[in-house]
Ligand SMILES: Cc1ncc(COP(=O)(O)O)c(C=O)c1O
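First, one chain by itself in structure tokens, the form predicted alone.
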């Protein structure tokens, strides 16, 4: 390595992912033969559905292992458009205005990079999955944090003149909040009045509990960029496939360029697996959702009975957001508590400050690990001294 100094790159302002740092520590403990509980990150524990695996195997046998359209193979884009029209009620979805991306994160980057110009502001809820703010910064924009409890009263909360978009994540990471129809409508009404876009991350659209309904903002507001992922609904996280819908012709033009210059097409056989997922049996979604709800109830019960934590009741996604109502002796913040918990119980977690400012007294648990691990981790948290 050389010592040459390179200054002034926007990437320098991006943090090293704290979740990744915690994950690396847990993996190191695993390699040493220790039992650990992977509650630090949201990776579904379920196997990929058999019909998806068969779709991938068939694609290999048919030699579908070469370059594809940079925006996604036509058959997949048509399957996505059909799903958006029928399931999400986005009636404007067509093969031409949907784009296949290398996972949800690539979709978010391509979307924000195609939407915002240097200096533009994007309203995001606080707390929020940290990569959202980082992607906005990488795109030249500025994230404007609004507390999630005030997120449907944006007229009172925002006076900025450079706002280009409001970001919606429902179900929400990290709190598990599912925005109601009334709440989505209020956000959309604000966007209409201000003539700005809505960017809607719906990666957890199928992970909802207690009969809660999911509403896609794109079904009621044309200037919505809607983003989805195959990771959560079909346990395809490692296969990296997401998709984006937009009605705006200029954003469509920019996204085509962005996809060509970044990935130039998603893994070919993964795309055939996604076709099988969208066109095949959907009962696997409900089976996973039911098991996630069992896990939600286990972790919520254990954390609620802990002397240190006061959890937020999640209606969707697979995260439990909890306030630290007191600290063990010698511990002063969420980072210290997360390390203390790891040392005492081998339970992974993510400190609140990772998710935005003013979250020093919060912590997040992911309950996407297998049910036995969630049950054991819940007991360890409950009995933590």
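Positions refer to the first chain, counted from 1. Fair warning: this is a prediction, and the values are worked out from it, not measured in the lab.
Not pictured, yet referred to below: the form predicted in complex with the named molecule.
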| query | finding |
| --- | --- |
| The named molecule in the predicted bound form: contacted by all of 99, 221 and 246, heavy atom 4.5 Å | no |
| Segment that reaches the named molecule in the predicted bound form - one of 262-270, 137-145, 287-295, 122-130, heavy atoms within 4.5 Å | 122-130 |
| 4.5 angstroms heavy atom contact with the named molecule in the predicted bound form for residue 234 | no |
| Partner contact for residue 105 in the predicted bound form: the named molecule, 4.5 angstroms, heavy atom | yes |
| Touches the named molecule in the predicted bound form: residue 321 (any heavy atom, 4.5 Å) | no |
| Exercise: residue 240 in contact with the named molecule in the predicted bound form, heavy atom 4.5 Å | yes |
| Contact residue in the predicted bound form, from 114, 216, 71, 229 (heavy atom within 4.5 Å of the named molecule) | 229 |
| In the predicted bound form, the residue from 184, 198, 203, 258 that sits within 4.5 Å of the named molecule by heavy atoms | 203 |
| Residues in 170-199 with any heavy atom within 4.5 Å of the named molecule in the predicted bound form | 173 |
